[in-house]
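The chain below stands alone, shown as structure tokens; this is the form predicted alone.
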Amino acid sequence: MGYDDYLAAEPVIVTAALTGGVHGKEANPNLPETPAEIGRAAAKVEAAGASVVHLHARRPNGERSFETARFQEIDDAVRRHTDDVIIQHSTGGTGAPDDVRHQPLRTDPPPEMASLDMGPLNRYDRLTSENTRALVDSLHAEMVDRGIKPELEAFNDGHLNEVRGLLDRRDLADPVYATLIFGPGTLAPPTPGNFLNAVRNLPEGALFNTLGFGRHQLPFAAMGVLFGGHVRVGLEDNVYYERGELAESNARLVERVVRVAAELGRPVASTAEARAILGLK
């Protein structure tokens, strides 16, 4: 993927990350947490142009949940409220035992996609998401068994080496789909140069999704559009619409990036087109 894909006006897939597993309504009261809230938010982002919804589960008290039953409630709500979106579960997490990290993969039916964090990252002062190669391999194996396409989350350049290592160790169905993530801490520093280097360092033939945290969400989405990639926006990654103004909804963030893509001459992929691009059945 690259600038030629932009010039060819290839469709761009928009993923909406609706809730996340870290901050909650204390950061933005419009962030959906309950299954019903997430279902309604999914309907609104679908209407705005998103074809993929990236889902985390929360307990009734707002804390992160990995439980299959809670993901099932959310999936059921999303399917009730939407016409046809691609459901993508998060398997990421800090401090959760490896067996617990598998639980989001076990809904009925399984999600069409699931995230796969490609390596360790620090969170706060005393927490680290380890994401060992053994865990990555076991999650990938269950995804293959259940017909789930992995979304390979690369939080820094070292994780791009881990993507190549995974390709050496295991057979991944084409096309490989990686999310390039930019922001503070362990994440790749959010500069245009680092974005270009990450795109250049992808395995040949890989598709990429672009994720910028906080105020970097919009400019990195624009770069993703310009360089033939796909984009992710939503309240998981950014609770503001602009400096000092909380985003009123996930849909508003999707609407903005859809306008940017249109102004730059790339159509937004329908769900059917997204499935074809991603090689989903």
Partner chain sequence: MACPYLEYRSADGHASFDHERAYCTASSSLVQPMRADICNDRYDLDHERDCEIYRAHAEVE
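Just so we're clear, the structure is a prediction, and the values are computed from it rather than from any experiment. Numbering follows the first chain given and starts at 1.
A second form of this protein, the form predicted together with the partner chain, is not displayed here; the remarks below concern that form.
A residue is said to contact a partner when one of its heavy atoms sits within 4.5 Å of a partner heavy atom; Gly62 meets this definition for the partner chain in the model of the complex.
Residue contact check for Ala134: none of its heavy atoms lie within 4.5 Å of the partner chain in the model of the complex. In the model of the complex, the partner chain stays beyond 4.5 Å of every heavy atom belonging to Arg259. In the model of the complex, Thr94 approaches the partner chain with a heavy atom inside 4.5 Å. You can rule out all but one of 62 to 70, 220 to 228, 243 to 251, 46 to 54: in the model of the complex, only 62 to 70 has residues with a heavy atom within 4.5 Å of the partner chain. Scanning Ala9, Val22, Ala272, Leu264 against the partner chain in the model of the complex with a 4.5 Å heavy atom cut-off leaves one residue, Val22.
Of the residues in 232 to 268, none comes within 4.5 Å of the partner chain in the model of the complex through any heavy atom.
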